[in-house]
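First comes one chain, alone, set out as structure tokens in the form predicted alone.
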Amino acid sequence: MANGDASASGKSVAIIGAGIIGASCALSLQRAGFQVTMIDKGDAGGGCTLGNSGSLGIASIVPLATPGIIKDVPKMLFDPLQPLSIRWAYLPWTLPWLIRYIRNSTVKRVEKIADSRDALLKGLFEAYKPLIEASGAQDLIKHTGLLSVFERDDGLAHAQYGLNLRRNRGIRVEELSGDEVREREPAVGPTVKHGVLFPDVAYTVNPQRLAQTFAEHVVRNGGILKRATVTGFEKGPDGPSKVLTDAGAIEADLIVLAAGAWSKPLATELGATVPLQAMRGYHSMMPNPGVTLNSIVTASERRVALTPMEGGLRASGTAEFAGVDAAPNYDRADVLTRHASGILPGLNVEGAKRWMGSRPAMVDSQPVIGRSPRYDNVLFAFGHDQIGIALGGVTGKLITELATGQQPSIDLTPYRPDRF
């Protein structure tokens, strides 16, 4: 195998989850010499990966919980169509988590969280490059920058806290007038007063196909993608030796847990209690938009991202705290459609298709990447919040470094499973 490591030769690894994180780990580990089996209850990239905005955003260092979020809690509870909402029925289960989430929104904590997210995101293109080249996925990546637009006169002023967090970490930020926004994106309407360009952001035109392309390459090179639901583990003196599924047991020398929002109970069984909640996102896909965008456009006040993709124009966004199995509230997707029309007056929304998926959110807006505190042959790779699509390559690289006994290229202290 390319980049093979002698310590990995002949060893088997079972990866639970075949979203972008699991598929990236699988491809990276296979290239290092491991015999790879991916386990997922659905198709590769068919869960949360399928529906995101596609942003490969090195500028995505600012967490959702920032100073002042506590004043928004009443709106979260009483308006189910708010960009960030909590279902009343789910409140008793999420309240302890929510309190800890809000405690991480102080200025001091947000600075530290921004540092740790930046440490991961700044290496995303370098980490993705060998995976994209090996699998032939170059056509799925567009380096066009990201344009954030503001409709309020004071919108740019209110955004300075987040912009300064980015500037202070070397992220390029260019402020634009409304007219300069429309020069770049003629489809944007006259309500936009200001804009901010993040020139170093890229995106994928099909997040699911990116994960599928990685997974298919793994399978072509001798790996296995097994459709099954994990039910538990068989443990020996040296840790888990088999992954138990509803389709039989799978032996493995190493286990990687990359099951996104479904990781919490499996993590508990594998040695770590983690404060993970499902943060459900929605999108609306316009198959024949009738307008053209050159890059991702995010409408700041509306909390919606507009992405030109292979299947049309995607309007994505919102965060809803509810159980992973709760019924979708597709009115939230319809709100995204209306917001998209507000920014793009010529948008054709006929035939819009709605989607909902669960993202894995941690109380400190940082993923869990590291070795199980109990079992040396178990590695965790989940909890990537809203930036999983950006962190697939980086996570795969770090997991492979741990699996092959190398010193991780990034200090993993902020992401360790036992930090809570």
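What you are looking at is a predicted structure, and each value in this text was computed from that prediction instead of being measured. Quick note: we count residues from 1 along the sequence shown, nothing fancier.
Although it is not shown, the form predicted together with a small molecule is what the next lines describe.
> Using a 4.5 Å heavy atom cut-off, indicate which stretch of 65 to 73, 26 to 34, 371 to 379, 351 to 359 touches the small molecule in the predicted bound form.
Of the options given, it is 351 to 359.
> Contact with the small molecule in the predicted bound form for L266, defined as at least one heavy atom pair within 4.5 Å: yes or no?
Answer yes; at least one heavy atom of L266 falls within 4.5 Å of the small molecule in the predicted bound form.
> Could you confirm whether A258 comes within 4.5 Å of the small molecule in the predicted bound form, counting heavy atoms only?
Flag for A258 set to yes.
> Any of the heavy atoms of G396 lying within 4.5 Å of the small molecule in the predicted bound form?
No, G396 sits far enough from the small molecule in the predicted bound form that none of its heavy atoms falls within 4.5 Å.
> Even though the partner isn't displayed, in the predicted bound form is S105 close enough to the small molecule, meaning a heavy atom within 4.5 Å?
S105: no, not in contact with the small molecule in the predicted bound form.
> Which one of T191, S341, N206, T229 is close to the small molecule in the predicted bound form, taking close to mean a heavy atom within 4.5 Å?
None of the other options qualify; the answer is T229.
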